[in-house]
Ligand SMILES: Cc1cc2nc3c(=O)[nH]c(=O)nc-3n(C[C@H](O)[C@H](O)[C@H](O)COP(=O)(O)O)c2cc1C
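Listed next as structure tokens is one chain, alone, in the form predicted alone.
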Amino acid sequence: MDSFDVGETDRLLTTTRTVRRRLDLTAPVDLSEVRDALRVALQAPSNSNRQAWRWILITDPDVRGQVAGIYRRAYDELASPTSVAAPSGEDALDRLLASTDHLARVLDQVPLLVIPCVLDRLAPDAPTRKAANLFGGIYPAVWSLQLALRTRGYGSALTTMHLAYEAEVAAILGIPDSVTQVGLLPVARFTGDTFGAAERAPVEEVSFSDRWGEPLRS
């Protein structure tokens, strides 16, 4: 049986955070490290083991700027009007709003944008099973990429804002109509020392035994 350092593994899993405000916009990204992280991510499970994914790594400043401009437009149209910089003493919602607003304003300066794609598209009336199959076939790999990036000193965030204008981004990047973009990850070195575990509901409040609402057994 394989032996793991459970403490260190748990620390990675519980302290890998969505990073928006603590992305270092000036430090270079080592693409060889990113490729190594992606090799790790490609070991993730996928539906029917199809591995029907493609990954676009955007470093060209002009292309990055075009994609960021579309993201910012979608953000300005769709985000809450209260998404402004939060004052000192901000609560959790204020921090979230401030961080999403910050990312929208600086996305063009983030050194690397990663767009994960699936080699398939859903019909407008696709059932839940097909939607779960499409997105569930790549999201484990996206999370694995974020974990692998964290171990190499990079922060990231899974965002979906630009998908409001997916076709426009596809035109910029030459993505075929038969391919689905599932998100966008800004990637950069993170600033500050490290990250801690977030506050979460007790497992007993969000888990049931056998039937909905039945208390979790010991």
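These numbers come from a predicted model, not from an experiment. Start at 1 with the first residue shown and count on from there.
The same protein also exists as the form predicted together with the ligand; that form is not shown, yet it is the one meant from here on.
Contact with the ligand, judged by heavy atoms within 4.5 Å in the predicted complex, is confined among 47-55, 62-70, 158-166, 24-32 to 158-166. Contact with the ligand in the predicted complex, defined as a heavy atom within 4.5 Å, is made by none of A141, S144 and L147.
Checking L103, L134, L113, C117 against the ligand in the predicted complex, a heavy atom within 4.5 Å turns up for just one residue: L103. In the predicted complex, R17 approaches the ligand with a heavy atom inside 4.5 Å.
In the predicted complex, L96 approaches the ligand with a heavy atom inside 4.5 Å.
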